[in-house]
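Here's a solo chain for you in structure tokens, the form predicted on its own.
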């Protein structure tokens, strides 16, 4: 029998790699996580990107799925200092007339800002699903399977499979509700006329009306990674930083190796072990649009014109459904929008650890063509000025991260794709390839646990959870 130094080694310490490590150590296995960078966290990191004392999140910033993920919500992460802050509102979507749709935990208060018949349409659509989230989440955040709650899942799936544009236009009569839903669905980073884009909007709308809603960690996204790592180490797991794996054969002997990486990196470091047919399928994996990211140190809060924006941790800028749909289609086609859909986060309004006393931070990005080299700084700031006149006067310093900068800082962000691959319908549950077990690589002991597997992007840890399930079942003949 071969002697193994570890039962399992995980390459990459993003939330999914840490989740896989926790699941495997919790099952009594010896696990090593290796990280190429000097800090752990993958897409859940924080840094002083602008001025001393200003804490920014280079990648993910708002974490509804971390709060209500079946895996992460069950962990004792508060024991390691993780505290989620919930603003009075999860989201505000302002309009040019100085008003906004504001999503609060209370659906009643939310529909007051939607207005008209669409307020009741929104309640009938979202309230029943929000009330059943605890049963629905394990069905959505999983690989293809026969659902435990087929009626509930079917009710969701019939809506989710539609295009966001078609869904919004058929369920809402007015421009306000249609635009707000478009902003939610645009998190998919795919055109809003693509089948399946409505599902993203539905999930985000549902989570906005759950306890803690679209919360975020006090002190920065790094706190999520730090808490996961501390829990992993408390179970006996090991973490090794500054360890870039160039060839999988360089690793210590282990029965299972899990990649918290995307297909491109897996091909680079383990391609020689993969069957030709599987390699060919990985090479066809489609990456999505990129992100162009800005962070600001601000002398004062963003001066929103619309009432309600100052209550929200997240603000969606894009005006109408048509504008947002045009922006997302252009990014997909390789074109630049002059009025892009912009996602803004303003954590320092509710978290005084993010900036020196009296000062604030701003976080924003827009979607651009994959690997774009166009500087979107002025375009993004123009869009903010549109809804917050005087914003530029608030800026003390800015950090600019292009799609290629994002990739250099985290090699999973291929071409600025922050979701581990395009979220098109053909790659939601069949990523990275069509397989009954998408986490298993057809080579001895190799597995994928990154967002390039179901259920895809987001800080939820479910890709790592399901990959660990596959490892325990296939390599050790065990179940959780």
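Positions refer to the first chain, counted from 1. Because the structure is a prediction, the values reported are computed rather than measured.
This protein has a second form, the form predicted in complex with a small molecule, left out of what is shown; the following refers to that one.
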None of 410, 207, 163, 113 but one has a heavy atom within 4.5 Å of the small molecule in the model of the complex; the exception is 410
If we test each of 212, 336, 152, 269 for a heavy atom within 4.5 Å of the small molecule in the model of the complex, the one that passes is 269
Within 4.5 Å of the small molecule in the model of the complex: all of 15, 244 and 418, by heavy atom?
yes
Distance check, residue 59 to the small molecule in the model of the complex, heavy atom within 4.5 Å:
yes
Would you please decide whether residue 430 lies within 4.5 angstroms of the small molecule in the model of the complex, comparing each non-hydrogen atom pair?
no
Answer with yes or no whether residue 365 is in contact with the small molecule in the model of the complex, where contact means some heavy atom within 4.5 Å.
yes
Even though the small molecule is not shown here, does residue 228 get within 4.5 Å of it in the model of the complex, heavy atoms only?
no
Per-stretch contact check against the small molecule in the model of the complex, the hit in 46 to 54, 422 to 430, 437 to 445, 32 to 40 (non-hydrogen atom, 4.5 angstroms)
32 to 40
